[in-house]
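Just the one chain here, the form predicted on its own, laid out as structure tokens.
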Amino acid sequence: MNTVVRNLRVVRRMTAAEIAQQSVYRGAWIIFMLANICMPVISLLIWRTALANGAKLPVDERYITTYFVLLGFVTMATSSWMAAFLANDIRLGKLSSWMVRPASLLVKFVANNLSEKFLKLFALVPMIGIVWWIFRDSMNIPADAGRWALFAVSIVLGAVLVFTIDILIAALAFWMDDVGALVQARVIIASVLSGAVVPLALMPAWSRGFVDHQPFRYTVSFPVEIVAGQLTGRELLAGLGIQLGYVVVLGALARLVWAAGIRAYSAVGA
């Protein structure tokens, strides 16, 4: 318990320091968030045009609109970019200096992740607000506060799941010279299977069994589906259970791989 409390205190202080440091790049965050929201808006316009021209889709216009308006926020909130940086720190021996500190190197990346998302919110939320205002009459906005609470819980679990997957990939740098190809493969695969490019509801019927239960769905698509979709209470609980299961299983696996890597680690000063 003392270790957990100490790490939480370290995360809080490092997050505050990261926010102060990253605040210098306010203009960059606005540009990044513009890029983040452009793709969902373009996709929204394309799919709405297809529906207006008679395209037969398994979902209606309100689902499509709600999905893509929320997509920019969810992809940002659950994202992680640390795999390549963590792998690089392992490969170059920078991990050595953290092995004699009271907190893990991973704490630094948690603080960086939280601080950047905190700053990105200030740029992204007004943009999403503008898009919502334009399409507000064509969206599903649940009145039930409980559904929004589940949406928030699912986003947190999704963020932890993505971060855990990144740790797993980066930890392979203990045994591999370069994991860059794996990082890129994860980005490409996740962009499709998470629903960041095309809503998973539009996937072929024959793929539903796999698509609905693979882990990447629970990083982006499932949180959005809680608000945009017509999930029943049973489906919501089942989905959250699967999402939590992935977090626990992959988290345990990441911890085992990381511990094995630390034992095998060898570098100058280690």
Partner chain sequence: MNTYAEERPSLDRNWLQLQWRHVRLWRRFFAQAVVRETHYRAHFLTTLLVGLVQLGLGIVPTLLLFGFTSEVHGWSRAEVIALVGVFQIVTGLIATFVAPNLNRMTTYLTEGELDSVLLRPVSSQFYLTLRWINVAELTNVASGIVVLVIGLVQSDLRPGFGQVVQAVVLAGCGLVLLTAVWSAMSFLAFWLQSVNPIGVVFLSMVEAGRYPLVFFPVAVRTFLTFAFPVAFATTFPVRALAGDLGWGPVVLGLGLAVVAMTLVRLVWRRGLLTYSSASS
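The shown structure was predicted, so the numbers you read here are calculated from the model rather than taken from an experiment. Positions refer to the first chain, counted from 1.
Although it is not shown, the form predicted together with its partner chain is what the next lines describe.
Taking its partner chain as it sits in the predicted complex, is residue 188 near enough to touch it, meaning that at least one heavy atom pair lies within 4.5 angstroms?
Flag for residue 188 set to yes.
Report whether the minimum heavy atom distance between residue 58 and its partner chain in the predicted complex is within 4.5 Å.
Taking the distances in the predicted complex, the answer for residue 58 is yes, it comes within 4.5 Å of its partner chain.
Using heavy atoms and a 4.5 Å limit, would one call residue 232 a contact residue for its partner chain in the predicted complex?
No, no contact at 4.5 Å.
Even though its partner chain is not shown here, does residue 184 get within 4.5 Å of it in the predicted complex, heavy atoms only?
It does: once its partner chain is placed as it appears in the predicted complex, residue 184 has a heavy atom within 4.5 Å of it.
Taking 168, 175 and 214 as the candidate spot, are all three within 4.5 angstroms of its partner chain in the predicted complex by heavy atoms?
No.
For the stretch 36-56, which residues lie within 4.5 Å of its partner chain in the predicted complex by non-hydrogen atom distance?
In sequence order, 38, 39, 42, 45, 46, 47, 49, 50, 53, 55, 56 come within 4.5 Å of the partner.
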